[in-house]
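Below you'll find only one chain, the form predicted on its own, shown as structure tokens.
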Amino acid sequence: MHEQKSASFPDFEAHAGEIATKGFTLLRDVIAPELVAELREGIYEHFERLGVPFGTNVFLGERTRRLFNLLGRDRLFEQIPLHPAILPLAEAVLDRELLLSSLTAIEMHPGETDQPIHADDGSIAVQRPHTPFNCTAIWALTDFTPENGATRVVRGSHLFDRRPRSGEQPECELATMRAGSALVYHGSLWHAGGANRTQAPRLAVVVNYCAGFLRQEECQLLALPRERVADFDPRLRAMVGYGLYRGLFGHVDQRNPATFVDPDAETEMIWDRLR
């Protein structure tokens, strides 16, 4: 597996502040070129071997291929959720006991049209604005340009008091970035993929983190065999659900579910702390 390295480490406080105020931030050139190349190769190998088709509607993209459940497919992808320049930002938005909600590769082909504007937490029916439930990182594995469908974002929309309406076309700005960069944003941010008017595909990995008390977008406990999880980094085990949130949520008969893959894992329940 490729060693996690970053070409440059960002100013953490400044980027965390941008997510709080603008709803998003751009981390430029933080993913090592060698890792970018390795991920591209691995993703395309799976796309071709599995015969992944285009989406069936305009949201998924009728000229876009999506490979879900990356963690369950190859050990190469285990390093993505733990990236040392990106995970701390997600923790700043949520907290250290966050979960990995989903991990997906997205390849947008020439001829793809604008995706509808949406928010990643749009399926959660609560009053807005609210405390963040999600934090998403889009890894650019090819350049994101105005011509090939760079993600469109609505600055400050994570503070709006509603979700976007169907067909709404608010003023957007483009998150253009070179391959090896990442767009990190608050789960309430209004955003969407752009249209690809070039002759080449645009490739990305989308890492969706969620608060530890939420149900994950992909059911990681069923998607990943226990023997695979046993080989994960302990932090990644907890992020897919083999851990406790606040010493309570996720327990199995008063046991930390981590003990199912690591008998030496400790269990400390909330009531133990209250003595």
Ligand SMILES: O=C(O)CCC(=O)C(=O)O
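Predicted, not measured: the structure shown is a model, and the values here were computed from it. Note that residue numbering begins at 1 and tracks the sequence as displayed.
In what follows, reference is made to the form predicted in complex with the named molecule, a form of this protein that is not presented.
Chemist: Exactly one residue in Q115, S181, S188, S102 has a non-hydrogen atom within 4.5 Å of the named molecule in the predicted bound form; which is it?
Modeler: Answer to the contact question: Q115.
Chemist: Only one of A192, A195, I80, L87 has a non-hydrogen atom within 4.5 angstroms of the named molecule in the predicted bound form; which is it?
Modeler: So the residue touching the named molecule in the predicted bound form, by this definition, is A192.
Chemist: At 4.5 Å between heavy atoms, only one of the stretches 156-164, 94-102, 72-80, 116-124 reaches the named molecule in the predicted bound form; which one is it?
Modeler: Heavy atoms within 4.5 Å of the named molecule in the predicted bound form occur in 116-124.
Chemist: Quick one: does A140 come within 4.5 Å of the named molecule in the predicted bound form, counting heavy atoms only?
Modeler: No.
Chemist: Can you tell me if F59 lies within 4.5 angstroms of the named molecule in the predicted bound form, counting non-hydrogen atoms only?
Modeler: Judged by the heavy-atom cut-off of 4.5 Å, F59 is in contact with the named molecule in the predicted bound form.
Chemist: So in the predicted bound form, does R246 come within 4.5 Å of the named molecule, heavy atom to heavy atom?
Modeler: R246 lies outside the contact set for the named molecule.
Chemist: May I ask you to check whether R40 falls inside a 4.5 Å heavy atom distance of the named molecule in the predicted bound form?
Modeler: It does not: once the named molecule is placed as it appears in the predicted bound form, R40 has no heavy atom within 4.5 Å of it.
Chemist: In the predicted bound form, do R66, I106 and T151 all reach within 4.5 Å of the named molecule through at least one heavy atom apiece?
Modeler: Contact check passed for all of R66, I106 and T151.
Chemist: Even though the chain is shown alone, can you say which residues of 201-231 have a heavy atom within 4.5 Å of the named molecule in the predicted bound form?
Modeler: Sequence-ordered list has one entry, R202.
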